[in-house]
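One chain follows as structure tokens, the form predicted on its own.
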Amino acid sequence: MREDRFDIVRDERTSRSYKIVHHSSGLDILLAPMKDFVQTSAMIGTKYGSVNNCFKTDEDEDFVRVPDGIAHYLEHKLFENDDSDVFELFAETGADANAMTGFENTIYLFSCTENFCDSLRILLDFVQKPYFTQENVDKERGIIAQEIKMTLDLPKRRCFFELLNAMYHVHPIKIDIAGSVESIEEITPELLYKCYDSFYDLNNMALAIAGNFDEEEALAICDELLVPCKDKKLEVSFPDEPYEVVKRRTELKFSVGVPMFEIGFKCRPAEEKLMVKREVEADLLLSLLAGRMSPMYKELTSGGLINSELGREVFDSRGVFSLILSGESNDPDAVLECVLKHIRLARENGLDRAQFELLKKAEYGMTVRELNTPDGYAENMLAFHFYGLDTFELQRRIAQVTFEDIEKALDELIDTENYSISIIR
């Protein structure tokens, strides 16, 4: 009989459910069997990303500031242990493995159609066995430095981070996830172990599994391999970010056929418990303002100001919330003027209620479909769990949102005096 506590999370609308096992090691394990699939996906993640560069645990007297890019550096190094390459181990089981470092989280994952138990053992083993030496850290430095230099030649990525630097004064969201060639020079084995010990505490992590697997087998492997650890009371510190943007405009010369642009409206950050609500409202608002059926989009395309694409993004993180429009145009300034004009018109004339109802239904359907695959289910469980929410919270918020909520969001979220535009010519 298992002694771990567990919760069953259900969604009444779709009849979906999954189990959260609060493992004695400190790790939360999210389990969603999907017996109709041949594939299984497993993801273990830590609430540690590029913005977490100032932190303390109960072992520290004060906050520790570490070099930019160290979370990404750590992800790279964790795949290399003292006697083998982890990717080679996964290849032997036939699993497709990967990892990713974002602004807030680092995720290690695999998907497979066979040998699930062997692959899960590899995953749980290597994330708990860091191996950093001066020699292998120095070797990785050259590889990551080359990666950083390559990203500097990617115009779309440069356009995005130039926008963040134009919008944000001091928040670490403005720093590239990989850091800089200069910042990674400061990374040492000792600093990597410090960050690992602080953030790769099982109490700061979670494991999500979805697909065709046996729950008891998976939990037995967790019992075998997870090493219990003490909760270190991790705290992360962020600087106070001013409301106003740094500057309205930034422009770079690049070798591109058509100029690129990113337009960002900087908003006040949402409280963490209200983040999903704000995201839903902001996403539907952007769709109403700039989606394919909107007057703004029709004017931009009919006037030849953009091609068929106008990207929309609700960009949020701890202490960060902004609405972003992006695309290509021979006249980015004319695009900006069109965007600002249609925001003003929406405030004067109101939004389209019938269009809102159609977009709401489409958005709800899309979120339901995202849970139709093991990859999507596991990814959603993990992402929402890190916010202290269940994976059905997004669907609930979409179902609850009203037209009046979106009208209010138009007034509260978009300040036409608090924007930046980034242009790559």
Partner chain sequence: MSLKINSEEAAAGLRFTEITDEKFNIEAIVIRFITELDEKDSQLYTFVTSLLAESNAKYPDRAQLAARLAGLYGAGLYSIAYRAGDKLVTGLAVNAISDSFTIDKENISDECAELLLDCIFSPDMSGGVFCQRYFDQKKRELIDKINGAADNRHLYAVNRSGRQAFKGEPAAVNLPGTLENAEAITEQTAYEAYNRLLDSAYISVSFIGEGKNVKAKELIKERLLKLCAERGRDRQTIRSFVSPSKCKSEPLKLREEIEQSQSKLIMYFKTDSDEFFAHKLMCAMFGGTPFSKLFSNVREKLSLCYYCQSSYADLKYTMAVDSGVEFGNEEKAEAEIIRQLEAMQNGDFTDEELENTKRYLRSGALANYDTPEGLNTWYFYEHARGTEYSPRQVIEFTERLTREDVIRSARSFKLDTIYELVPQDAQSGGEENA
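Numbering follows the first chain given and starts at 1. Because the structure is a prediction, the values reported are computed rather than measured.
If you look for the form predicted in complex with its partner chain, you will not find it shown, but the lines that follow are about it.
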Contact stretch among 218 to 226, 247 to 255, 125 to 133, 341 to 349 - heavy atom within 4.5 Å of its partner chain in the predicted complex: 247 to 255
Can you pick out, from 108, 161, 213, 297, the residue that has a heavy atom within 4.5 Å of its partner chain in the predicted complex? 297
Contacting member of 279, 96, 186, 118, with respect to its partner chain in the predicted complex [4.5 Å, heavy atom]: 96
Please determine whether each residue of 4, 65 and 400 possesses a non-hydrogen atom within 4.5 angstroms of its partner chain in the predicted complex. no
Just to confirm, residue 201 within 4.5 Å of its partner chain in the predicted complex by heavy atoms? no
So, residue 230 and its partner chain: in the predicted complex, are they within 4.5 Å at any heavy atom pair? no
Is residue 334 near its partner chain? Define near as a heavy atom within 4.5 Å, in the predicted complex. no
Can you tell me whether residue 306 touches its partner chain? I mean in the predicted complex, with a 4.5 angstroms heavy atom cut-off. yes
What residues in 123 to 150 sit within 4.5 Å of its partner chain in the predicted complex, counting heavy atoms only? 139, 140, 142, 143, 146, 147, 149, 150
